[in-house]
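The form predicted on its own is given below as one chain in structure tokens.
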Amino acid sequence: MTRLNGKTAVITGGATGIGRAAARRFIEEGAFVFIFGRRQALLDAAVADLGPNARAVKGSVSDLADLDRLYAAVKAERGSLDIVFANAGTGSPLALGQITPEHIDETFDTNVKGTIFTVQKALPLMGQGGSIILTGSSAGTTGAPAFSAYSASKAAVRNLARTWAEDLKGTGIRVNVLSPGATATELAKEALGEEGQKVFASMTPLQRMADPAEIGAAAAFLASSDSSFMTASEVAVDGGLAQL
């Protein structure tokens, strides 16, 4: 398939997990992809795996100077930008009664502030036909025990798409949310272990965790003209977790 032939994409959190799976799918469909992340070794490994249509820029979405370097690199090599997948995110459990200001700052700096400035700084490079994809979460709809900050941040991301669809009227740029459920990324496997993964699988109507490639396929749909009449929408790729 070549739905993204000639398109230029940025994927934050692109070195591993859902971001890397999306990068692979975008490239398979003809895109040139810039992946952005904090760990150089993982970025280097991802680019080696993804091939000549991938570039890596090291940085954090919560650092505005790092985002400026990312988009300067995009402009220098490609001139313009068609797709932004604001995928970088973080989350860790702290139950009500244990939440700290530092925990709130870390979560919201990445998931909300980082998403806002990832998109805002991309806009000068985008135009008619552009697609912005925000990574939400099933937790933004259902909540999750001990994940107050994470769940609230992802609910905020959902509202950003609704608000930005209004702000972007007349530009030809669409913005949608992709909300995964439990996904078998490297981080999830390490954090949950085999038993934890079984627990999350059992909570899902499809009785399994998602493969990152399944989320990447949904991202490619939202990036492509197949979703050309969609904006302000949320696509849940959660095995039914937040739907029942």
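Residue positions are given as counts along the sequence shown, with the first one as 1. No experiment lies behind these values; they were computed from the predicted model shown.
If you look for the form predicted in complex with a small molecule, you will not find it shown, but the lines that follow are about it.
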Considering only heavy atoms, tell me if T183 and the small molecule come within 4.5 Å of each other in the predicted bound form. yes
Should S224 be counted as a contact of the small molecule in the predicted bound form, where contact means heavy atoms within 4.5 Å? no
Is N53 close enough to touch the small molecule in the predicted bound form, meaning at least one heavy atom pair within 4.5 Å? no
Please run the contact check for T204 against the small molecule in the predicted bound form: heavy atoms, 4.5 angstroms, yes or no? no
Work out which of the listed stretches, 69 to 77, 168 to 176, 82 to 90, 123 to 131, brings a heavy atom within 4.5 angstroms of the small molecule in the predicted bound form. 82 to 90
Consider the chain as shown here, without its partner, and state which of L64, A213, A48, L187 has a heavy atom within 4.5 Å of the small molecule in the predicted bound form. L187
